[in-house]
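Just the one chain here, laid out as structure tokens, in the form predicted on its own.
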């Protein structure tokens, strides 16, 4: 799956001080990388005429390796996805075939959700791909936040402009508005129920709204989150996909 945003407190920052974007995003970026991660997820995909719920197991290692297996519903059980660097593969048990996703396929919603495969492939480092400005302070769900505007350095990113709300206490980016170059709002991505787990702050619920589709959103809930689980190299191999 796409990488989740983790955070620790920033020593030396006071509520009345305005941090630099470089310092703030460096701290956020640094905490997006973990040695290992394991979690269970429930993904509810809500469309105007239907709602579909999936469960899956997900693993991650570092910034560029992730593996997920869908457990339900029955027709999708055994579907697997593997991300390594800038490559993404998917195993479809119905045809017993591994398929590499590229080009226009990456823009499709993962299992019909509002999270695209392209979202999953996105680089974890905002500082690498965006110039950023701290625009001030704001609130999201009664949380005091720093507000930032990010503009892409190049035109090969999914969202040329991001407006981000970073919680001051946990430094989790609890809200993002994702825009096209034209200024059109494409998606709103929010994080909720942030908890401290093994020394990190982590959202236990995320909601992704596709603003280009009416009444369309995906909500993900996480359980049994761990950052200390040992993971074998085989979990991130193509052999695992077909196992």
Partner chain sequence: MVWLLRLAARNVFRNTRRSLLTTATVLLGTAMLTVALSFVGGLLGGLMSGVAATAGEVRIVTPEYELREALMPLDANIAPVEPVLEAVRARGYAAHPFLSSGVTATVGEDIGEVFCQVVGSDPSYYAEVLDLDERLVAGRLIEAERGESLLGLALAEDLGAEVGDELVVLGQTQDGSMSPVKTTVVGVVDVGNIISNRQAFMSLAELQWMIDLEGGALQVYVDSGADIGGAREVAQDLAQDPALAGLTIQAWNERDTFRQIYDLSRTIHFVLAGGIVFITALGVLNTMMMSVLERTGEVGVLRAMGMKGPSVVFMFVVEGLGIGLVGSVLGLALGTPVALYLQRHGIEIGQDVANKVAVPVNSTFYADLTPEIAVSAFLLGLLIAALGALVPALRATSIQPVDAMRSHR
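Quick caveat, the model's predicted, so the values are computed rather than measured. Numbering follows the first chain given and starts at 1.
Omitted here: the form predicted together with the partner chain. The next part is about that form.
Figure note: of the listed segments 199-207, 51-59, 186-194, 172-180, the one touching the partner chain in the model of the complex, with heavy atoms no more than 4.5 Å away, is 51-59. Proximity to the partner chain in the model of the complex holds for none of 36, 41 and 63, with the criterion being a heavy atom within 4.5 Å. This chain appears without its partner; in the model of the complex, the one residue of 111, 132, 82, 145 with a heavy atom within 4.5 Å of the partner chain is 111. None of 152, 105, 127, 71 but one reaches within 4.5 angstroms of the partner chain in the model of the complex through a heavy atom, and that residue is 105. Although the partner is absent here, residue 90 lies within 4.5 Å of the partner chain in the model of the complex, judged by heavy atoms. The partner chain is not shown here, and in the model of the complex it never comes within 4.5 Å of any heavy atom of residue 211.
Although the partner is absent from this view, residue 157 stays clear of the partner chain in the model of the complex, with no non-hydrogen atom inside 4.5 angstroms. The partner chain is not shown here, and in the model of the complex it never comes within 4.5 Å of any heavy atom of residue 137.
Taking the partner chain as positioned in the model of the complex, the residues of 95-114 that bring a heavy atom within 4.5 Å of it are, in sequence order, 95, 96, 97, 98, 99, 101, 105, 108, 109, 111, 112.
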